[in-house]
Structures are given as structure tokens and as C-alpha cells.
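Before any questions on binding or motion, here is one chain by itself as C-alpha cells, the form predicted on its own.
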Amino acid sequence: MKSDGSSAIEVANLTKKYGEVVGVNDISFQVGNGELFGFLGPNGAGKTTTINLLTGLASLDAGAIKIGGIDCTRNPKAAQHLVGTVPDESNLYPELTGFENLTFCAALYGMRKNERQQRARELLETFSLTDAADRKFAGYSKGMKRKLTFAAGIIHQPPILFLDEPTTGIDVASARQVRQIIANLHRQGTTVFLTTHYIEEAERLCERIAFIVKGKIVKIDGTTELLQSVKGKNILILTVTNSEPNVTKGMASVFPQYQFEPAAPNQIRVESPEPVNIGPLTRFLEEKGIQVTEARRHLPSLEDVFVQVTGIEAGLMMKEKEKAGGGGNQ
């Protein structure tokens, strides 16, 4: 469901400092009703700080916040009944079962006993956790814990949902299931504010995306509009046996019609507005004692836009992805 033009979330000049460290730095944006809005950036960029400010888990130093048309600047909990939150770390009780955790969360929102039990069973089935309903949360796998935490965040069917890195560090199957549920909620009209450092996830799910780096929003636009900037580019990824530190500079001087930069370890990225002629590049590298083991065409993606706008190499995001676990990139 697309936004109907009105705003579910309005943020103006939001600022938060932790001593000398700036968490978020004078950021402003709006999220339309029914929109799936992405906050994309590396770890430490200010994504979690922003969600904590919007959900009342942190106090702002400056700026203004409206959630569902309600001014939450001075009373962060004023719109709590409209909001569901899935934090980056689980906030559920290890000694309770999956079913008990969900019904307890439902009770906090004032749901009647029959209603909360029925809703808990529905969500356990939706997240493929029915067989684990009577097991203690402490014994759940990481993927199961993430899914139950998600279920708890939507137990009261909130119209506005905040998701902080929802697929980080979980298995591929669980990540795929979580993304499908996010897409379904969006189709049903839920406003979703999603933070992630998985570029593919943002591209796949979000209608509009803000790039945040070091607490500042450096770009905000529709996903389609962002991708227009790399449309028509020809990109080739060369995998090599070994790569000298300055080999891309040497290639740039010999082949000025192309742009070269290191990609992942032992990979060279070649970009051109025209199709890339691989033969001369391979011969140049072989003369330097560098063998090309693979050459593959790369379709321009949001990753290319992110690198272009932020100057942050895609390899850095890839390293974070590997540290966090394999869930988000499938």
C-alpha cells in the first residue's frame, strides 16, 4: 500500500549526543501513512539511536517528533498505542514460554484474555513457532528468538511499526520468512520504519530510503529514483589471483575510458558508460603477474548508489554483514 500523502512519522532537526559523541545530528524526514521507509547505513551510523528516540527509549537533545499526528517531543509515550517496536536485541523473558511471552505482551496493551490467546496462537503459526509454543524462550535458537520478538512487536496489530535490523545474525530461512512478513504487513497498510545495513534488503523491501552516515542523513529519495542514477552503467568485477596496492591506478592511466577501484579482497571493479572490453584488461594484468580467474558482469544496484553517495566502500558493509551473521544477504 502506498502512502496516502499524510505523514505517520514527522521528524524535524532531531539531535542526540552522548557526551562528546553525536548520535544523530540535526536530521529531518517524514514517513507517509502506509509507507515502507528504510534507514540504511553502516553500524554506528545512528540508526538505532533514531529508533530509540522515536519510540521513547532515549531522550532527545533538540528537535521535534510527531507520531500518527501526535506530538511526542515532550511526551515520548504519547503515541505508544499506535506503535509496535522490534528492537535489535530481544526484550522478552527467558523463563517464560513462547506462548506466555506473547500473551504477556498482549496483556500490556490491554487485550482481553481470549483475544490475546487467539492472537498469540495465530502469530506462533505465522512465524512457524507452533511446535515451540510451550518451550521456554531461553532454549530458542537465535532465529527463533528473533521471530518471537517480532511477533511480540505486532501482537496488538499496530498501524506503525519500527524494525531495528530485523534480520541481522539469523539464519537464511528465518531471514527470508521475516522479510516476507514485513512485505505482507506493508501490503496490509502498516507503516514500516526499517533500519538495516543490508543493502539488498533495503532495495528489495523499501519504497523510499534514507542513507545515514555518522549521524547525518546524506541522501533521501524513492528507491526507484535512487536507482536511476546508476541506470545504463556497465560494471565488470574481475577476480584476480593477487592484487598489487596500486594496480587500479596503473590501469586508470592506461585505460582512461574506464573507472577502476578495489572491490572485495582480490577483486577489481571496472565501470564504464560503454561495454567493457575485457581482453586488453586481462593482458595488462597478466603482464603485471596478475591472473584473472573470473570476470562477471554486475548489474547496477542500490549498493552502487550507496557507494557513490556516501563514499563508503561496499566491502565495509560486507564485512559488517559477515560479522553479524549470514541472515540478511539472501
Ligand SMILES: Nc1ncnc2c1ncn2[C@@H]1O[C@H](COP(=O)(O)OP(=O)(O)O)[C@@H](O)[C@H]1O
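Numbering starts at 1 and runs along the sequence shown. Because the structure is predicted, anything quoted here is derived from the model rather than measured.
Absent from the display: the form predicted in complex with the named molecule. The rest refers to it.
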Any non-hydrogen atom of residue 65 within 4.5 angstroms of the named molecule in the model of the complex: no
Examine residue 45 and determine whether its closest non-hydrogen atom to the named molecule in the model of the complex is within 4.5 angstroms. yes
When the contact criterion is heavy atoms within 4.5 Å, does residue 22 count as touching the named molecule in the model of the complex? yes
Using the partner position in the model of the complex, report whether residue 49 sits within 4.5 Å of the named molecule, counting heavy atoms only. yes
Using a 4.5 Å heavy atom cut-off, which stretch among 65-73, 278-286, 37-45, 293-301 contacts the named molecule in the model of the complex? 37-45
